[in-house]
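Only one chain is included here, represented as structure tokens and corresponding to the form predicted on its own.
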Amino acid sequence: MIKTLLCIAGLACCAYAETFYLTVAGLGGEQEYEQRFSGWAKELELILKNEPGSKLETLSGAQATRAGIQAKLADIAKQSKPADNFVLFMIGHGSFDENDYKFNVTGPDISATELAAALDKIPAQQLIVNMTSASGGATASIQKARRVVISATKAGTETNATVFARYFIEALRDPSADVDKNEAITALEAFRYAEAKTAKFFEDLKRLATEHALLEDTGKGDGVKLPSAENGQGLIAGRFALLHTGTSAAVAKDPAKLALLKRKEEIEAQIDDLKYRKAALSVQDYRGQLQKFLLELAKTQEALDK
């Protein structure tokens, strides 16, 4: 089995997927917000710059324009492949007029409809982390199959400046966010961490919460606060590795073991998928498939540890 996996490694390394990150820090309107938004964008750059296979782009200040965003998205559409990942971080203020969401940037704002049109041309699997006010108003326009959409608010009517971005970025620094301890922080893990921290922020201040983060990754229906097998949300987000940590990051830089790491993540994704299908399977079938996956996972991990 190990020999077979190593042969697969030799083939898969040639087609190693890349992750394209685009962070956009929109208009603050006030100096406090300008500094906060640009600071968060710089934090993301520092955290992600050493992620293997990462291609980072950041737009802020005068560069963060509708035309600038569309141009970057068009470039990524040309460069990326279906096997790649793409992450869009949106930081700042947003608005919603009961018809369409708009991201407040320098010059004309960019709408959710315009973003969706540009995103649809990108072949990579996508994660959109919209951390702006009114971000929930964009989900209906942006959601699509193979696209994870995280919003800081549950609707376009939650218009106060958000704190969700602070805690989503914190999730990428805090080892406790890696709940399954597999040395990879997924979109689902970062969302759960940031959602819980945001809720606690308002509880500690004894204030009525003005933002309620949601996640949607089925391409249909509304986002949810608690993604699970029961509501069908979170499966793709749980497979979407945002950041590798510890020895996992070092392994990802080793061409001889890179594909083994990818295979490990694929097996973990198959286990997650099985859990989501558990209700439709007999107990015997479920246990048999789970045992098969766990055995292969153990053997793959053994090869990685050598």
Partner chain sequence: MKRVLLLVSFVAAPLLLVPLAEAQPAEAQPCYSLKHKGDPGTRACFQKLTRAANAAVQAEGFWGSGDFKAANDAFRAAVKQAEKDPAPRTRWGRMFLEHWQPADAAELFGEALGIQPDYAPALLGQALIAGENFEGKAIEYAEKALKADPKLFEAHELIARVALEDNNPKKSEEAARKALEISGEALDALAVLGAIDLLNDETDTPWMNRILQINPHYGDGFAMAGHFFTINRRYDEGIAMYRKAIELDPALNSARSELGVNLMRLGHDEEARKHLEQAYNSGYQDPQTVNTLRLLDSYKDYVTTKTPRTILRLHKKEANLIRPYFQYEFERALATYEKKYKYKLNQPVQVEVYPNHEDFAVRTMGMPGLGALGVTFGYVVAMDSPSGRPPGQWHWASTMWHELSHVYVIEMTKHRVPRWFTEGMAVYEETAASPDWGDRLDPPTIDAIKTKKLLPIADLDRGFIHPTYPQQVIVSYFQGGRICTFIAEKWGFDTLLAMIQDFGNKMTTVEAVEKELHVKPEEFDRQFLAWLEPQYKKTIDNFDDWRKRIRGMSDSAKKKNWDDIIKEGEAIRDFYPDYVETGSVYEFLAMAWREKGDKVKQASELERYSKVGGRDPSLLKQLANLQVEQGRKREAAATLERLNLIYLQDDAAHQKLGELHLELGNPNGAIREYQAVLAGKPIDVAGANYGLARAFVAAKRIPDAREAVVSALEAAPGFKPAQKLLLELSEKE
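The model shown is predicted, which means the values in this text are computed figures rather than measured ones. Numbering follows the first chain given and starts at 1. For clarity, a rigid core is taken as the largest C-alpha set superposing within 1.5 Å between two forms.
Only in words, not in the display: the form predicted in complex with its partner chain, which the text now covers.
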{"property": "Contact assignment for its partner chain in the model of the complex, among K81, R146, R173, K200, heavy atom within 4.5 Å", "result": "K200"}
{"property": "Proximity of L226 to its partner chain in the model of the complex, heavy atoms at 4.5 Å", "result": "no"}
{"property": "Contact label in the model of the complex: I271 to its partner chain, heavy atom within 4.5 Å", "result": "yes"}
{"property": "Contact of Q35 with its partner chain in the model of the complex (heavy atom, 4.5 Å)", "result": "yes"}
{"property": "Its partner chain contact at K42 in the model of the complex, heavy atom, 4.5 Å", "result": "no"}
{"property": "Region of this chain that lies against its partner chain in the model of the complex, out of 113 to 121, 126 to 134, 203 to 211, 146 to 154 [heavy atom, 4.5 Å]", "result": "203 to 211"}
{"property": "Whether K72, D75 and A165 all lie within 4.5 angstroms of its partner chain in the model of the complex by heavy atom", "result": "no"}
{"property": "Partner contacts for 81 to 110, taking its partner chain in the model of the complex and a 4.5 Å heavy atom cut-off", "result": "none"}
{"property": "After fitting the core, Y276 CA displacement of 2 Å or more between this form and the one not shown", "result": "yes"}
